[in-house]
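Take a look at this single chain, the form predicted alone, given in structure tokens.
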């Protein structure tokens, strides 16, 4: 009887806490607009000025529909069926600003939202939604000179195939045929591919806007597949860097230097990556410090002075993450590196987690620090 009473009291307390939490949230504003990442002509999903997302899925014969976003990771947002056969629901609370992947589960099966554009992430093409950010101006499409993002196919003897990369060249690249440029090799995260930094990350628009504002020395960005998806979720410990390191340092870099006007030396070559791409960056820069002069780990691990000791000294070590990740570790690592005589910079993206808004902001902070004379 005592145990039963305690259980009842606990349940009541939990219910009360949930009610208080819900009451503490402001009323949802009905100023919803279609997400900027919707397919042409589609009204849903929608977002409002507070960062809530609303979904509407047509599935008249379904018994249950839920969206993977919302509920703080507790299973997503449950949609309610209307008489017209459409299922509708709004996230329990506001989402973090920026880009988010999501999918729709209908009777347990995983599908994409027919109203949203698709982006490669989580080892599949997923739906994407954009929550308007207060600082979205730095990656907005503006009336400024634009660079070019082109696909290249480069030969890879080590994998016995041609491999794909995307190359961003700044607006000035086609104008002055005599000028050469530094290069940043920029890696995606686990489950993504070489399209991520341009599509989800807006890397080319970030560069265009920085160049137009005179905040950076223009440089080339190369984005290629990091051979990460062969590792299943939970198997990161088994990841071997050697195959990708060979592709990058012995095949891709020579190809880029031979086919683009690059400053082909260590002081004009950088490597950075987000998440898994940061892990790859850390491994390769420690293995091949003679190739890269600038290092960037975006939510992708840390360097210590011991890691870099007795190696070619980097001109910059950039470390970043979201404030909802582990910012103290990033700050401490940067402080330790500075104390040991390294040019180390840390950046913390406020109110974001392990997500693209963190990495967009990180690139925006990193780019002006690269290739300083």
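Numbering follows the first chain given and starts at 1. Computed from a predicted model, the values in this text were never measured in an experiment.
Just so you know, the form predicted together with a further copy of the same chain exists too; it's not on screen, but the next bit is about it.
Enquirer: Exactly one residue in 136, 88, 118, 262 has a non-hydrogen atom within 4.5 Å of a further copy of the same chain in the predicted bound form; which is it?
Expert: By the 4.5 Å heavy-atom cutoff, the listed residue in contact is 118.
Enquirer: Out of 345, 62, 312, 28, which one falls within 4.5 Å of a further copy of the same chain in the predicted bound form, going by heavy atoms?
Expert: Contact residue from the list: 62.
Enquirer: Does each of 220, 250 and 318 have at least one heavy atom within 4.5 Å of a further copy of the same chain in the predicted bound form?
Expert: No, the candidate spot makes no contact with a further copy of the same chain.
Enquirer: Work out which of the listed stretches, 330-338, 54-62, 302-310, 28-36, brings a heavy atom within 4.5 angstroms of a further copy of the same chain in the predicted bound form.
Expert: So the stretch in question is 54-62.
Enquirer: Heavy atoms within 4.5 Å of a further copy of the same chain in the predicted bound form: does residue 275 have any?
Expert: No, no contact at 4.5 Å.
Enquirer: I'd like to know whether residue 287 contacts a further copy of the same chain in the predicted bound form, with contact meaning heavy atoms within 4.5 angstroms.
Expert: No, no contact at 4.5 Å.
Enquirer: At 4.5 Å between heavy atoms, is residue 213 in contact with a further copy of the same chain in the predicted bound form?
Expert: Answer no; every heavy atom of residue 213 is more than 4.5 Å from a further copy of the same chain in the predicted bound form.
Enquirer: When the contact criterion is heavy atoms within 4.5 Å, does residue 151 count as touching a further copy of the same chain in the predicted bound form?
Expert: Contact check for residue 151: yes, within 4.5 Å of a further copy of the same chain in the predicted bound form.
Enquirer: In sequence order, which positions of 81-117 have a non-hydrogen atom within 4.5 Å of a further copy of the same chain in the predicted bound form?
Expert: Contacting residues: 106, 107, 108, 109, 110, 111, 112, 114, 117.
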